[in-house]
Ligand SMILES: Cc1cc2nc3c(=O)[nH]c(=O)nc-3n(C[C@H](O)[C@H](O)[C@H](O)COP(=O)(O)O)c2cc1C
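First comes one chain, alone, set out as structure tokens in the form predicted alone.
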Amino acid sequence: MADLSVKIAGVELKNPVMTASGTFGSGMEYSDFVDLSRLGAVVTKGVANVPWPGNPTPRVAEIRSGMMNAIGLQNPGIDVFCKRDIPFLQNYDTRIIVNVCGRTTEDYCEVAERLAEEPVDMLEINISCPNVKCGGISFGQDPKAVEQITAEIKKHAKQPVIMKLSPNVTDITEIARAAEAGGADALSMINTLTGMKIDINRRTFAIANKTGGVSGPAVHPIAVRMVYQTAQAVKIPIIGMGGVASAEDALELILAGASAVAVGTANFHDPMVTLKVIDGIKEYMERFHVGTVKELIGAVH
């Protein structure tokens, strides 16, 4: 029988499939369609130390082979999250990974401290947020900033820390090594790529923010390449994401070096896609007589 379990930073997941932050809420909207207990983990939407209103609308646009969004990390803040979302997720037999966002290092640390006593399994740190103290460049684009913020969050976090890497950089391995040097327990990658769409009929930007994050099948080959490069450069586990819409997509990332995968944009057009990915990985393992999914991690050289 195929063993789908994997371990990331000492935390065991029943299978390597989780949700990508920002595409699944905290599972409430999807729980009528998906048995959350079948998922390896639920990764929540980003949460900050205070409520964030997000960007002006329109903030989502469909593109060929994917979507573009500039939601602006709208969230109700950590107080509401702890009171509402964590108790909801505790009803299910799945790991809880909380995505954390902030505008300063202090913001991130405040949320990590607040979550230290909460029943959550891991923290995923979204370092694609603009660093207000450095003129708005995202933390994740500067290796020194990545190492510093990782080290600082590690001082405050009780749970393992996963650093979510931005692909909007020249050399992803430089950023990955910086996160590892700062003490990261794992990496998740890739976040969205920056893009732009123009409405030619209205002769204006399709998204009020002008630019947005591109996700979906269009970014998948880039994600596979970056996961492979990073797996060669660091020793910590990687959670791969970017355009995963099928078991084949997930297996590509695993063979490239990911220990687990996250499904994002595909949830919007097929709420049950995560379960199909889990079943597809199991079928693949049975077809090729693979005993444990661990045999597949980084098997391509």
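Everything numeric in this text was worked out from a predicted model, so none of it was measured. Just count from 1 along the sequence shown to find any residue number.
Here the subject shifts to the form predicted together with the named molecule, a form of this protein not shown in this document.
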Practice item. Choose from 151-159, 204-212, 184-192, 111-119 the stretch whose residues reach within 4.5 Å of the named molecule in the predicted bound form, heavy atoms counted. Key: 184-192
Review point. Would Met67 count as a contact of the named molecule in the predicted bound form, using a 4.5 angstroms cut-off between non-hydrogen atoms?
Key: yes
Review point. Does at least one non-hydrogen atom of Ala41 fall within 4.5 angstroms of the named molecule in the predicted bound form?
Key: no
Exercise for review: Give a yes/no on whether Val17 approaches the named molecule to within 4.5 Å in the predicted bound form, heavy atoms considered.
Suggested key: no
Practice item. Answer for Gly264 alone: is it within 4.5 Å of the named molecule in the predicted bound form, judged on heavy atom distances? Key: yes
**Study point:** Heavy atom of each of Asn55, Phe81 and Gly102 within 4.5 Å of the named molecule in the predicted bound form
**Key:** no
Practice item. Note that the named molecule is not shown here; using its position in the predicted bound form, name the residues of 32-53 with a heavy atom within 4.5 Å of it, in sequence order. Key: Lys45, Gly46
